[in-house]
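Okay, so here's just one chain, in structure tokens, the form predicted alone.
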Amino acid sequence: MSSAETRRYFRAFRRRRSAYGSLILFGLIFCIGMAAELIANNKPYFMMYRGKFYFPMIRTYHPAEFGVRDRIVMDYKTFQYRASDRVVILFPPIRWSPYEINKNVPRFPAPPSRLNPLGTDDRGRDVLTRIIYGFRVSMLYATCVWILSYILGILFGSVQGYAGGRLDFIGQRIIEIYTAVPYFFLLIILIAIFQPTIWLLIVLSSLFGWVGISYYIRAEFLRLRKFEFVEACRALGMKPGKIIFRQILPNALNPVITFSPFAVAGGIMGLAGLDFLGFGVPPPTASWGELLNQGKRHFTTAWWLATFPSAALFITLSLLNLIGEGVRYAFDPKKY
């Protein structure tokens, strides 16, 4: 894709103001999620104590360095110091870690308050902090699944489309059998057998998520393999691998780019569903689905556990869908 075409697609994307605004807003949310430790943490950015500088967010210090003798883990939020110690502490905007329990509330889960703007969950952990960290977990899962599944789909689809004939016929029959398997239930069974981790979920989801994009890549290769530039490459003796990946694939990436935002949105929704059912990331990892599961269990007494995670999921999926619509509009061949 040339730079002129890229600029043309970007200008078309910008004309969809809803999509362009969604991209900016999603980028802001993405930055907040990726910098979760800088936004929500019970450790300060830096601390000056008796003329010395400390950076607790980067390095772990023993409480004895600050004159604390009755504990082995330093609690900077409750640190008692004298005016003569010349202490300066700079905390993040949200002074909670995703695993920290607020013991100063009358019950768990606790409603929204000044200390916990979105309330606490049923273990006393700050809901806003866990939503921020849960976004990063969701994006890690969705992005990795998107990349791995699209790599597999591109490989299978390109080989089938370029080869055609008997190899394409056999490949399509194998894929039809493969797609007949109820992969969501099989995924739950495999997760129930093995110890669930985020990386196991990514691998298993990628093994079942590549089929859709392979259909589109195969169709693009079937269309492009008879073009003159491909015939010229064959006449020059270029190897099939170079023809596939250097000549045809760059011209067949429109489906990959167009469906990518929807694939990421589907990955986020899939992880939330697995976490809601209890087959997702292991506790105490912060996740939106686990918060929604708590909201289901405490629906009549803790409305915030269902409301705020649902709102975060709705906003994220809506932004990604609007971005996807803008990308699809920009790459619409009928306009050019």
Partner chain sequence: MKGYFLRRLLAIIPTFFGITVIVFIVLNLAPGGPVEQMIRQIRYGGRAYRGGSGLSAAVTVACDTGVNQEIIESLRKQYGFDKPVILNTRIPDRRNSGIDVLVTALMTFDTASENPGIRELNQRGTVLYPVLIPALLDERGSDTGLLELIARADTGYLKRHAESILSVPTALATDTDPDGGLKSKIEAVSTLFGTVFELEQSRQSEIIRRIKIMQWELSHPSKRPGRGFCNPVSKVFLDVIARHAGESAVSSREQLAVWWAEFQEKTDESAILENLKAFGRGDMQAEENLMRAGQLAVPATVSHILNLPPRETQPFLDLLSGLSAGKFELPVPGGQPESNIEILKAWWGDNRLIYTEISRPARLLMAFTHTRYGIWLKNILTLDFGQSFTYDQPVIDVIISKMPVSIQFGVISFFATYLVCIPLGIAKAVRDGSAFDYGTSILLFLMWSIPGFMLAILLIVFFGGGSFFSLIPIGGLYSDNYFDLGLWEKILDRIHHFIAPLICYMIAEFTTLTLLMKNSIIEEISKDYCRTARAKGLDSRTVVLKHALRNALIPIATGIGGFLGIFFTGSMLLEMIFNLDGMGLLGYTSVLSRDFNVIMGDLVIISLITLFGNILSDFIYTVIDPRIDFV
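The structure displayed is predicted, hence computed values, not measured ones. Positions refer to the first chain, counted from 1.
Keep in mind the form predicted together with its partner chain is missing from the figure; the text below concerns it.
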{"query": "194, 310 and 314 all contacting its partner chain in the predicted bound form, non-hydrogen atom within 4.5 Å", "finding": "yes"}
{"query": "Heavy atom contact within 4.5 Å of its partner chain in the predicted bound form, the stretch among 49 to 57, 34 to 42, 65 to 73, 295 to 303", "finding": "295 to 303"}
{"query": "Interface residue in the predicted bound form among 177, 235, 83, 88, criterion: non-hydrogen atom within 4.5 angstroms of its partner chain", "finding": "177"}
{"query": "The single option of 186, 167, 115, 207 touching its partner chain in the predicted bound form, heavy atom within 4.5 Å", "finding": "186"}
{"query": "In the predicted bound form, residue 216 touching its partner chain (heavy atom, 4.5 Å)", "finding": "no"}
{"query": "Contact label in the predicted bound form: residue 327 to its partner chain, heavy atom within 4.5 Å", "finding": "no"}
{"query": "Proximity of residue 281 to its partner chain in the predicted bound form, heavy atoms at 4.5 Å", "finding": "no"}
{"query": "Exercise: residue 182 in contact with its partner chain in the predicted bound form, heavy atom 4.5 Å", "finding": "yes"}
{"query": "Residues within stretch 264 to 290 having a non-hydrogen atom within 4.5 Å of its partner chain in the predicted bound form", "finding": "269, 272, 273, 276, 277, 279"}
